[in-house]
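The data below hold one chain only, encoded as structure tokens and taken in the form predicted alone.
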Amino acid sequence: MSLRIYTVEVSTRERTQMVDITGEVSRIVARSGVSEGVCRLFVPHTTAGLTINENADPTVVDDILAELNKIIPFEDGYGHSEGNSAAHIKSSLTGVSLTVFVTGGRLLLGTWQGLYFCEYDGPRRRKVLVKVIEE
């Protein structure tokens, strides 16, 4: 069983941004030596999140962010004094953790699926914690 927690460093350049981390997480899974199990991802930030979505057409990411920003605007009379309530709400909606099956030493993702770090209060330097567990 893997006991190591790996870290993926993410630097964002925009206030809201989705960063494809599939390649880095795939390399971690390969290095772990786990053939069958699960890969757990966790973001230790309250204004960021994780999601799985299409990584073939970059306009999908643009559409997701545009709609989130419409539904949860940056300014909307929030009470939180730091001015980033929208980011906290978006983080709660997407969530801060994911579990992906590992089979044959690889992430078991659909043909068009990718893993995304979601920035809602950038630009910032962030991290995603990754643990690969053998079953």
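In case it trips you up, residue 1 is the first one in the sequence shown, and so on. Here the structure is a predicted model, which is why all the values come from computation and not from measurement.
We do not show the form predicted together with a further copy of the same chain, though everything after this point is about it.
- Among residues of the shown chain, residue 73 is one whose heavy atoms approach a further copy of the same chain to within 4.5 Å in the predicted complex.
- By the criterion of a heavy atom within 4.5 Å, residue 64 is counted among the residues contacting a further copy of the same chain in the predicted complex.
- Although the partner is absent from this view, residue 27 stays clear of a further copy of the same chain in the predicted complex, with no non-hydrogen atom inside 4.5 angstroms.
- In the predicted complex, at least one heavy atom of residue 94 sits within 4.5 Å of a further copy of the same chain.
- Taking a 4.5 Å heavy atom cutoff to a further copy of the same chain in the predicted complex, the contacting residues in 44-67 are 44, 45, 46, 51, 52, 53, 54, 57, 59, 60, 63, 64, 67.
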